[in-house]
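Given next, in structure tokens, is a single chain: the form predicted alone.
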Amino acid sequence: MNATPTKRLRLAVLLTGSGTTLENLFVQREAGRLPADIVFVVSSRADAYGLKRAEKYGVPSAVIERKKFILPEEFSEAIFKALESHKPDLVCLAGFLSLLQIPPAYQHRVINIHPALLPSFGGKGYYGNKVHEAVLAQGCKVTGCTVHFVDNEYDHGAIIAQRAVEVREGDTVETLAERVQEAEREVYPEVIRLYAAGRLKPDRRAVRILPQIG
């Protein structure tokens, strides 16, 4: 899944909690492995530690709390209005727990990473350790993570990439989560590089990865 970047992206990141995915994107950028600049961070909670991570790297941020809006449409409108002045090429969800309504102008410009192999263990209520708890309760032998385009349903948009992770005998939620997060740290930047290289072509429910030119 290597890609040669054709443009440097402007990224906006949406989060709700600790911001570990955001931190990974900063690390990848600093190491020269991410053809992107993170230009804006939005949190749906005022106490999210991810806001401190944004501050550490000098990235502007905003808090738009879901609880202050009755309808998801109103909340989504506020989010995308806040993004306007920062002109992001791509919006990355990084542990963002609220449902979004995607405006037409942002179709196929919003991606998310989910800690399971969708369509299994996805949808409302499946987030963070709740996903790993469900995987272990079902006795699954394989889990993983999925990067997908975001549409107007939880964990439903077209799948871009997946990475499988073995479920080992004696795994706990914590040990399984650690290995899934390791896979996430690899595959999310890979997808961003592919997007930057113009190699992702959505085709209804599928996303084709175009061959690298040159």
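From 1 onward, residues are counted along the sequence shown. No experiment lies behind these values; they were computed from the predicted model shown.
This next part talks about the form predicted in complex with a small molecule, which is not shown.
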| query | finding |
| --- | --- |
| Distance check, Gln28 to the small molecule in the predicted complex, heavy atom within 4.5 Å | no |
| The small molecule contact in the predicted complex: Gln181, any heavy atom under 4.5 Å | yes |
| Partner proximity in the predicted complex: Ala94 to the small molecule, non-hydrogen atom cutoff 4.5 Å | yes |
| Contact flag, Pro115 vs the small molecule in the predicted complex, heavy atom cut 4.5 Å | yes |
| In the predicted complex, the one of Gly128, Pro119, Pro103, Pro72 near the small molecule [non-hydrogen atom within 4.5 angstroms] | Gly128 |
| Among 120-128, 103-111, 81-89, 134-142, the region lying within 4.5 Å of the small molecule in the predicted complex by heavy atom distance | 120-128 |
